[in-house]
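Only one chain is given next, in structure tokens, and it is the form predicted alone.
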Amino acid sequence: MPHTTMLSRPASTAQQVHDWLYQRIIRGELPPGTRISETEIGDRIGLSRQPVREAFIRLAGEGLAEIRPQRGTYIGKISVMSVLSARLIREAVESDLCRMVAGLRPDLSQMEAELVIQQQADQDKDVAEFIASDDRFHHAIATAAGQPAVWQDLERLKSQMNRLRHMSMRVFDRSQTIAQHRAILEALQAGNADAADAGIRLHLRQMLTELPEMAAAQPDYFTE
């Protein structure tokens, strides 16, 4: 299993182990089908097996790991159904948020700043930073609408979607995403609710094209 980083001290809880493994799974550092060992991970980060086992159980509950009795624990496949469900919910919620923001005409400087970050991350081919900025851009929409907690609710739904994003952003044209973000921002700045609504829907429907292409390219990584 490839190694990237250790937990920072103190690293004594199942939550910390979970969060560390969660990020590695989302970013594709632990791809679907990878076997993970309680003993190996515990030894690597200096913990007993108990918090590691608890982290495995939580990851399994989130659909990110599969515990197979007498065989071990494996990173789960990306659920196509979960990706499509999260995308549909995001479109419904974020289109409403955009309409709210267009009516309020708030300060959108954070969204402008994220576009600059995305352009640099695209040039640097830094997929992790690009996606982090993408998330902050969408979070800023919820914040501008006066509904910051909504993004946290969406975040809990989209772990499988995030795995796909880390795959697709390495393959597809990231400049297209930046252009879509810019169109959404300009519509919000103009107070054009219809254009903002249409822009966010077009943006989030891009995944409907990317998903089948990625599933065809990496069929062993996906499940219905």
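Note that the coordinates shown come from a computational prediction; the quantities given were computed from them, not determined experimentally. Don't overthink the numbering: it's just position in the shown sequence, from 1.
Unshown form predicted in complex with a further copy of the same chain; subsequent notes refer to it.
- Only one of 103-111, 116-124, 147-155, 132-140 places residue heavy atoms within 4.5 angstroms of a further copy of the same chain in the model of the complex, namely 147-155.
- The closest non-hydrogen atom of L88 lies within 4.5 Å of a further copy of the same chain in the model of the complex.
- Residue contact check for G61: one or more of its heavy atoms lie within 4.5 Å of a further copy of the same chain in the model of the complex.
- Within 4.5 Å of some heavy atom of a further copy of the same chain in the model of the complex lies at least one heavy atom of R53.
- Proximity of I57 to a further copy of the same chain in the model of the complex falls within the 4.5 Å heavy atom cutoff.
- If you take 188-210 and check each residue for a heavy atom within 4.5 Å of a further copy of the same chain in the model of the complex, you get just R201.
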